[in-house]
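This document starts with one chain, in the form predicted alone, laid out as structure tokens.
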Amino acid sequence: MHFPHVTIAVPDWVGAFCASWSSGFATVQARAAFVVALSQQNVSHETGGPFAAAVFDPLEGHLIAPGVNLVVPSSCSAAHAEIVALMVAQQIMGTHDLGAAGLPALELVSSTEPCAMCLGAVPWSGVRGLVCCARGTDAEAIGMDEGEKPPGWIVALENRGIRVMRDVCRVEAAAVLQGYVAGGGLIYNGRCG
């Protein structure tokens, strides 16, 4: 029996976009603005859904790894922006544990709060911070199904030593979601159970 080789590839335009980003990543607002712009580019390039994420070293202000939503083009429901960013970061850092000894306290910045699946990946990845732009309710407002998350998810992450910030560049991130659906973007998981 033969099974296909599974590859999730970040679109070619992402590297050039990252290289062209001139504002730097010294502040949480700059990191969030970058991720929101990355989500807009994913929509503009028609390479996936209206979501992006990135892993940063916030103390040094360095981008470690970008990720964009690739669910439809990869035919993989797990190819959410957070998962892609974490996978790329783990490959770059050479470890499955982004919280391993000797590594900086890395931060995941997401254009929208993580869905139920991505929420589970956050503590397992080893990141020490999570920054969310739009809220899950903003994604649900355009028809996306975010899954069932426990009401105390923020406290649960913080109890694991993962600091959480919400609503950074929320208006801009929500506008990308609204623009996506207004432009006829595919709501690929809108069954809501």
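All residue numbers are counted from 1 along the displayed sequence. Just so we're clear, the structure is a prediction, and the values are computed from it rather than from any experiment.
Although it is not shown, the form predicted together with a further copy of the same chain is what the next lines describe.
Asker: Is residue 49 close to a further copy of the same chain in the predicted complex, meaning a heavy atom pair under 4.5 Å apart or at it?
Answerer: Contact with a further copy of the same chain, no.
Asker: Tell me, yes or no, whether residue 92 is in contact with a further copy of the same chain in the predicted complex, where a contact means a heavy atom of each within 4.5 Å.
Answerer: Residue 92: contacts a further copy of the same chain in the predicted complex.
Asker: Answer yes if any heavy atom of residue 57 is within 4.5 Å of a heavy atom of a further copy of the same chain in the predicted complex; otherwise answer no.
Answerer: It does not: once a further copy of the same chain is placed as it appears in the predicted complex, residue 57 has no heavy atom within 4.5 Å of it.
Asker: Does any heavy atom of residue 105 come within 4.5 Å of a heavy atom of a further copy of the same chain in the predicted complex?
Answerer: Heavy-atom contact with a further copy of the same chain at 4.5 Å: absent for residue 105.
Asker: For 133-155: residues with a non-hydrogen atom within 4.5 angstroms of a further copy of the same chain in the predicted complex?
Answerer: Residues within 4.5 Å: 145, 146, 147, 148, 149, 150, 151.
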